[in-house]
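Structure 1 and structure 2 below are two forms of the same protein chain, each written out on its own as structure tokens.
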Structure 1
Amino acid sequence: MAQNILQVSNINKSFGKKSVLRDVSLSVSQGESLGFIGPNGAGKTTLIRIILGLVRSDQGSVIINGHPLRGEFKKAIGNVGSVVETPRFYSYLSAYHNLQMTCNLHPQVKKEKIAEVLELVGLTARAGDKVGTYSLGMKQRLGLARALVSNPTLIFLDEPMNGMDPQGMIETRALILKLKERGISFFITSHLLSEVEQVCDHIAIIKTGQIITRGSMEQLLTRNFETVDIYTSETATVTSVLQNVSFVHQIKTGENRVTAEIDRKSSANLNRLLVERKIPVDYLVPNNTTLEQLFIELTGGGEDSDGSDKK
């Protein structure tokens, strides 16, 4: 089993009388990318701030790279990179100077690393420009560069695709996957669930300050049944044929379409049955569960009222 890079145990946090996080536990192992998702105000950013030592938890512990945050803060945080919320910079300084400031806090990191990370995120040509002149997408890329300067083993990215154009999103996704291959672990929060689905291999969903589900993406998105959309002009015939079939559990009829919930790996049987009954079918479309569907199912969508990311 891979070594845990991050271990968060039983974190509780209240701001005044408002309980923001309740008994939150999760872990990230080496090379894993955890998608940490939840409605607005669920407590995502607060948890990241606790893990980074910016906010103190009322209870619980955080261990990073084997070092407890309380007691061995410098060792724990030494190999962590982060972009929390919208990346913040000294707008009157150049991108290079902003990265140099991070570099200055890690004496073991050589200055050449700055040029390397700027190249990696495609900002070499604009390195000398003041960050105040950057677009949000460029700031996001610069934030990622800053997170990479310290040679991290774990990177926190809070809404990393926010403000990026489609090309930027593709490039960032590819970069994250490339870094993941090098063994860097990621802790990513995003409202773009399709991006999380493409980049992360594990997810944890938080609602009103509590983790309501966590596990591998594959495990959570795999169901005991499959959903298949049958596009046909003879919806009535299809419905009547499928009503008495053992592997079909549920049927919904729409205009020129029947949606059937069937046993896993039964789509071939369904196809065969429709052919045998000589029912004209235009398309058979398997309908996989997406992270978005799972998220809506588990959280009901919307915003949380009793958790809070904004104080």
Structure 2
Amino acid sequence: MAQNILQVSNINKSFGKKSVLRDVSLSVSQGESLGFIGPNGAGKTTLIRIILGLVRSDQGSVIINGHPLRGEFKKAIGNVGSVVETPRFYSYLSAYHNLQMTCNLHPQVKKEKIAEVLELVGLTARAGDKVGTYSLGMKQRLGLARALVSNPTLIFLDEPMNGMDPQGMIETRALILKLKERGISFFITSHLLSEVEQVCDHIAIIKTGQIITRGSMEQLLTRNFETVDIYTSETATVTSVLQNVSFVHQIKTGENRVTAEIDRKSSANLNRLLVERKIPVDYLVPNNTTLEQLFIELTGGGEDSDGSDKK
């Protein structure tokens, strides 16, 4: 079993009479990425600040790399990195010199580490260029390089794909997956749920200060049913035929399309039934449950409270 890099247990936090977090628990294992998502105002930012030691919880504990945050703060936080939205750099300096300034804050880090992390994030060829000439995707990769300088075992990413073009998203996604293979763990918050779905192994969804669901991506997105769109000019006939079929649970009719909710792994039976009844069908399109659909279903989307905690 993989070692837990982060263990958050029974965290409670109130500001005055306002309860912001209630009995929040989650964990991140070595080489795993956790997507931490929820509506605005749900308590995400407060929990992250507690984990990083910026805010003190009323109850509960945070353990990082086996060290309790309270009592062994330096050891707990020593191997944690972070990239918050668009990383800021000295635009008139090169990538190399920006990282050199970071290394000055970590005397134990050797200068050879700069070349190593630049190679890791694919910026060696542009190491001497001023950061002001970098694209947003390149700045994001440089932000990860800066986070990697101190040899972190856990990296917090806040909106890592924010404002990127498709190529930048692809590059950042590939880099996260590459670093996970090296055993680095990630704690990711983002409103781009399709990207979270592609890079995260586990998900925790928070609403009104409580974790309402958590588990592996596969577990949460696997349902007892599946949805299939049937494109046909004979919508009335298809609807009539499917109404009394045991593996069909719900039917919705649209223009030249019938959407059927059926038992898992029943799409072949559905196709066979339509062929046997000689119903003309243009094509069948299975619809897998997405993280976005699950999120809206569980939270309703939108603001969660008065917005005092923006994330």
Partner chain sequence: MTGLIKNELLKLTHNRKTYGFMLALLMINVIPVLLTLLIGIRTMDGQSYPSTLYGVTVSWVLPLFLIAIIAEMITEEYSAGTLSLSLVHPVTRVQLITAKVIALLMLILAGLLYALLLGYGIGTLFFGWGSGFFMRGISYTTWEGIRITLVSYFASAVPLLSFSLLVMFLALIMSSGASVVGASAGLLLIFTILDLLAKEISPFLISSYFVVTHLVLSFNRQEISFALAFLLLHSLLFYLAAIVVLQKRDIVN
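Under this definition, the rigid core comprises the largest set of C-alpha atoms superposing within 1.5 Å between the forms. Residues are numbered by position in structure 1's sequence, first residue being 1. Just so we're clear, the structure is a prediction, and the values are computed from it rather than from any experiment.
So which is the form predicted together with the partner chain here, 1 or 2?
Form predicted together with the partner chain: structure 1.
How much does the smaller rigid part turn between structure 1 and structure 2, counted in whole degrees?
Comparing the two forms, the minor rigid body swings through 22 degrees.
After superposing on the rigid core, how much does the Cα of His97 shift between structure 1 and structure 2, in Å?
Its alpha carbon moves by 5.6 Å.
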